[in-house]
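Next up: a single chain in structure tokens, the form predicted on its own.
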């Protein structure tokens, strides 16, 4: 299959993944929704379940406002609204990771007001990355594994879990190759194409996504085709990019995303699971070692150093902070990060908030255009 065809299909999937999830259910897959990149998907995969990412939708709300305040993020509100409206009935259940206040409350509301067969919770320590928290996290992964076994009625053998870890590690290596290919030759693979091919894996079996990534990488290397001329290189940092509009608009305006710090992007495949260690401990160790979500305690200096390293390595000329409205953990960090970027690197930044119920592509375009013109000196 040609690279363009693969990219187009992945892009369509990113725009509206829910029909694809329904088709997977019809084909016999047992789907479990996940709402956070901290979810140890390998456990679900080893149990014969297929994890699929819930990333909200552009829609008017008819049910969720009775349960969640309007100042909760639109990801939580639209996911809940679809569940209450019966539009996620192809799922067998969902997994909730206790990160921010909204997600913790969403878990309770979901459990009490929906009729899914399975409900999983994963409690993370606040102080991730510190020695005292690792034993707790190992036990939490074991508890999560026991809950999945209880739901399926079958034991998850270590051999099966190790095999799933191998499949997911291969996926991470291929995703890393995809990002490196974009960084080394952005005229052959733009940011929109790379991100589309990455997030498409959220809505398919991981083995199939590995085949897709391998095929597109071979296609890029074999063809050497270019997609366009020089564009202003940018880095996007934030939570979840729920739709491709940001990436599309940047390309239209003469810019491109050369790297990202998103939990649906670079942070999702960051770090590998040790395949030689006991699987529960290895899964916990990866979560414990990987770059922290702002919802978890971490010295903000560590986040800044990582962001600086990404900006320098990628050659980005600006940073776009893109997040969901009312996402307080990210919002708390941004003033410090912006000031340090300007003071130490003289790299300008822009903060954009997205609200799925009132998304305005026109307003987004205007702000991006002004930012790019400032960088370009127009």
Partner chain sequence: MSEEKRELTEEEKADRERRKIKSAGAMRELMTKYYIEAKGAEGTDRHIAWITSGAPVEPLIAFDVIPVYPENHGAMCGAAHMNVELCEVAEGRGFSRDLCSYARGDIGSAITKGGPIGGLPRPTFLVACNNICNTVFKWYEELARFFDVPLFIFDTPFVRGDLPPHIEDYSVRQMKEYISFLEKITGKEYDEPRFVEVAARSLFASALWKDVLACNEHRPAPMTCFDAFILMAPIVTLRGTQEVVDFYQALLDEMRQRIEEGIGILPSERYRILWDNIPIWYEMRNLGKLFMELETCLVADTYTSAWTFEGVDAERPLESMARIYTEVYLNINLERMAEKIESLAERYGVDGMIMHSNRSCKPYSLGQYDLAKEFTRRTGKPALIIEADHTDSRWYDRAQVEARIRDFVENLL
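Just so you know, these numbers come straight off a predicted model, no measurement behind them. Numbering follows the first chain given and starts at 1.
Although not depicted, the form predicted in complex with the partner chain is the subject of the following passage.
Contact with the partner chain in the predicted complex, defined as a heavy atom within 4.5 Å, is made by none of 54, 115 and 264. Put simply, of 244, 219, 125, 93 only one has a heavy atom within 4.5 Å of the partner chain in the predicted complex, and it is 125. With the partner omitted from this view, the residue of 248, 289, 215, 121 that lies near the partner chain in the predicted complex is 121 [heavy atom within 4.5 Å]. Not displayed here, the partner chain is approached by residue 331 to within 4.5 Å at the level of heavy atoms in the predicted complex. Although the partner is absent from this view, residue 69 contacts the partner chain in the predicted complex, with a non-hydrogen atom inside 4.5 angstroms. Using a 4.5 Å cutoff between non-hydrogen atoms, residue 81 does not count as a contact of the partner chain in the predicted complex. Proximity of residue 140 to the partner chain in the predicted complex: non-hydrogen atoms within 4.5 Å are present. Heavy atoms within 4.5 Å of the partner chain in the predicted complex are found in exactly one of 165 to 173, 94 to 102, 204 to 212, 184 to 192, that being 94 to 102. In the predicted complex, the partner chain lies within 4.5 angstroms of at least one heavy atom of each of the following residues of 132 to 152: 132, 133, 135, 136, 139, 140, 143, in sequence order.
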